[in-house]
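First come two forms of one protein chain, each written alone as structure tokens, so that there is a structure 1 and a structure 2.
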Structure 1
């Protein structure tokens, strides 16, 4: 089950991982739920821009992220709220707060747009980090696909446990499409549930990188070429460096 992830690379990778990357880029270029394909690809470009933003470096280095004056270095395509959301989630995710999230929404971004953009950040960061970690060149961004967003809002979306609305497993409806592999799906799984298509796109990629949900709590088993403790050392160290409490 081997394939080559990128043209010109001699490094063989799992076929499902290579396919997941191809599917993910295609999904990013397609019209989403609240954003057009053009805006989604523009968000992907801004995500890459954020990684070298000097203002983000200052924010990251500051004792408090809230006291830093200045503006983000942006490509200039997206609005102020989108840029702030993308740059902060890329550059300093461990120091976000509910009041900050509300301030982004107050600048004119809808909660659906917010969640869809967070899903894009998570996907692009995963894709680009993977190619960089493998020593491969960054993939060119895809051409956006024409079409209108679906503007689908799940009837069961409610702001309760998190800063943004979630669809709890018991509130998911048939109209939402496939949502949860299990009614016990953890909160990390529910994070993007307000935008079901973003949730599906994200997990189709993430499951190939880490492991599908049914294996997560089977600690005596590894479906990867490294052991489960080796897997979890990597996971724990990366999460700790991001100051992620989960």
Structure 2
């Protein structure tokens, strides 16, 4: 699949990037920690649906997202809590709040399911944005794989610095599997840590689009075809456009 993943692109695509996309789609189709493969693929489909939801457009344009009445345009496969989570994270992430997050959980979604779905949103948006940037149609969604979720919850997951529990580097255990490249990993890295496999899947993809963590502070070194200053100018511009204050 990796050899044909970006077939038709006018631009050359690195082999490791194509392989990262292949692994990511395979991971999305597989049973996760709290979701079955079928539910994960359904979430991926709903993520794509959210990008053209008329209700989300109204929410984004409104002075306050809480003042908009109506319902999301959905594929009708997932539950109300899953749809609300996906559509708001896709459509208006800059105005989410802890009270909103708690309202999603109150509709019957567990905190583990919440984190796993957010991880899927981050991956599918990255995969599709890259594909569209290359002038290619979105990849067909993979067939879901059979099997049961692991339902693994890290012993060190605690609600401290975020709306939902995190695993701080000092609280990670061997049972969690590989977690952090450094004890000083930033909170952007810790965000999905309550679901370690989602965290690993996301960063395996993100590192190929940006750079692995061990290179982040090597400002005089570039591992890409463009220079490190050029990389950071692009990153800063994209962050500004998306109102990312990180």
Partner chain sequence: MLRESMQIEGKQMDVRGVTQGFNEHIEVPHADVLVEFAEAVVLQDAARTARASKNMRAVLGDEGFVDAAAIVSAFHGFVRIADAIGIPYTSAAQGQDLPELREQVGINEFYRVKGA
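Note that this is a predicted model, so its numbers are computed, not measured. Residue numbers count along the first chain shown, from 1. Note that the rigid core is defined as the largest set of C-alphas that superpose within 1.5 Å between two forms.
**Q** Assuming the other structure does not fit, state which one is the form predicted together with its partner chain.
**A** Only structure 1 fits here, because that chain is the form predicted together with its partner chain.
**Q** Once you line up the core, how about residue 22: does its CA shift reach 2 Å between the two structures?
**A** No, shifts by less than 2 Å.
**Q** What does the CA of residue 229 shift by between the two structures after fitting on the core? Give it in Å to one decimal.
**A** It moves 2.6 Å at the C-alpha.
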